[in-house]
Ligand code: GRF
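Quick heads-up: it's one chain on its own, the form predicted alone, in structure tokens.
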Amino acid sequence: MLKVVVLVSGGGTNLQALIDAGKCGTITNAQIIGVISNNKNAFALERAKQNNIPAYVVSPKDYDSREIFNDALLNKIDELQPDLIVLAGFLVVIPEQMIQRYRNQIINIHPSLIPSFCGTGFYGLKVHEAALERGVKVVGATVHFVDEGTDTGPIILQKAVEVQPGDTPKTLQKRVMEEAEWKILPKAVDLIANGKVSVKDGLVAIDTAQR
């Protein structure tokens, strides 16, 4: 059973997608053993409690320096001993020490088709604002492993979503969540939980054989 810890900062819709996928059997051989947020007011914490998942707050505001916070975050994760860490809208820079310790065990969901509209400054609505300003016709979401760069780790899954006439950043964000993020994040966790994902030379290979 793959032990999963989910890191969140806000509403936790992707966390909810993972919880729902586990309940309906879309994700197998995995269990969410903890949710950590940097924001004590994140609704994601309430989602965790409603589903009897241990929830923790580790906030930079509670520590005198970013270094001390990084140590506290890593200590909490080490305490939980996860097999997989899922960044589901976690708006905190992951400490390099954590990336090194959990190499190819941290995944992130990003609301664009990487390498488009990614990197420093591209998060949340800003991604969709930039996509609409550029006039692209297709957007989407990407699940990738986390490395020392920003949105630069090996790509696991991507799903495209068409831009519709009259889209606003908010309507586009909602459609990308519903049609892409909430589908490929649970799928990625299921693939990893069942030993279907491997990384070699910075590229992901997925075993498509039936289990």
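The numbering used is simple: start at 1 and walk along the sequence shown. Treat the numbers as computed from the prediction; the structure is a model and nothing was measured.
The same protein also exists as the form predicted in complex with the named molecule; that form is not shown, yet it is the one meant from here on.
Note on the partner interface in the predicted complex: the residue among 131, 88, 113, 106 having a heavy atom within 4.5 angstroms of the named molecule is 88. Shown alone here, residue 10 lies within 4.5 Å of the named molecule in the predicted complex, counting heavy atoms only. Shown alone here, residue 157 lies farther than 4.5 Å from the named molecule in the predicted complex, counting heavy atoms only. Although the partner is absent here, residue 57 is not a contact residue: none of its heavy atoms lies within 4.5 angstroms of the named molecule in the predicted complex.
None of the heavy atoms of residue 53 is located within 4.5 Å of the named molecule in the predicted complex.
Only one of 26-34, 162-170, 176-184, 65-73 lies within 4.5 Å of the named molecule in the predicted complex by heavy atoms, and it is 176-184.
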